[in-house]
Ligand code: NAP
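Here you get one chain, nothing else, as C-alpha cells; it is the form predicted alone.
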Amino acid sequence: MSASSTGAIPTDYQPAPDLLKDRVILVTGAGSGIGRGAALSFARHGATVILLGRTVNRLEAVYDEIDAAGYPEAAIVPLDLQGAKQEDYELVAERIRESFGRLDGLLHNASLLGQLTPIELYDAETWNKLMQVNLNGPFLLTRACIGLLREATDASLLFTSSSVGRKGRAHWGAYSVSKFATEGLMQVLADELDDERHQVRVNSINPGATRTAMRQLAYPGENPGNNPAPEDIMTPYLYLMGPDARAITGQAFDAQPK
C-alpha cells in the first residue's frame, strides 16, 4: 500500500485470546503509561514481551504483573535512550538474538514531551535531548533490530505518533517536529521493507488523549478521568501487532475516533 495512507481497523474487530501466541515483542517505555498497557495486553494475548526502559523498578513491577497473571515470562532490558549510543542498541539486539533468535514485533513507545513554548524561545539543549529520545533512539534501535525482524515470518514494526505529528500546532516545538519525523521514518521503512521474502510491515499509531503522566504535563488543567486509560485503547495495538494486519504497511492509524 501507499506509504502515505491513513489506516483504520475494522469497527467490529475483536482480538483472539491467543492472537500473539509464541510471538516475541519488544516494547520501549514499558514501565508506565501506554508502554505498560501495551506490554500487559501483548502478554495477555500470548506474547513473550521484552520490557525496555530506563527505570528498572518500574520494569520489574510490570514484569511481576505479567508473572502474577500467568502470562509468558517477560524479559527486562534497562536502557536510557537519552544517553544510549549505537553500540548499546546493537548489544540489545545481540541479547535478543541470543535469547530468542528473532523478533516478531517492536513497539516504539518511549517519548519525551519537552517544552510547550514558541520555537523562538525553545531551549536548544532540551531540543537535542528530546530528538535523541523521540527520533534518534527509534532510528538506532530499529536499525539494530531489522535483521531480527527479518528472521520472523510475520514481523510488525509500530511507531508511536501524535496528532501534532500530522498537523503542526503552535508551541508544541520539538515534540511535534519529532513526531513528523517519526511519520517520515515509518514511511521510508515501510517502502524499504516492502519485500515478500521478509514480511516486515511498518505502521504508526496516534494514541490520542489518554490518561498518562505525559498528557497531564501537557494539559494540567484537564480532568484525567475524561480520558481513557491506556488499557482501554489497546485494540488497535493488538490488531497491528497480530496476524490480522498481515497485509497492512505504511499506514498511519488513530487509536481513538476523532
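Don't overthink the numbering: it's just position in the shown sequence, from 1. Bear in mind that the values here come from a model prediction, so they are computed numbers and not experimental data.
Same protein, other form: the form predicted in complex with this ligand, not shown, and the subject of what follows.
For the residues L140, I146, A181, L112, the 4.5 Å heavy atom test against this ligand in the model of the complex is passed only by L112.
Shown alone here, L79 lies within 4.5 Å of this ligand in the model of the complex, counting heavy atoms only. Within 4.5 Å of any heavy atom of this ligand in the model of the complex lies no heavy atom of T48. Q199 falls outside the set of residues with a heavy atom inside 4.5 Å of this ligand in the model of the complex.
Put simply, G208 is close to this ligand in the model of the complex: some heavy atom of it is within 4.5 Å. Only one of 98-106, 80-88, 116-124, 147-155 lies within 4.5 Å of this ligand in the model of the complex by heavy atoms, and it is 80-88. Contact annotation for 138-177: residues with any non-hydrogen atom within 4.5 angstroms of this ligand in the model of the complex are T160, S161, S162, Y175, listed in sequence order.
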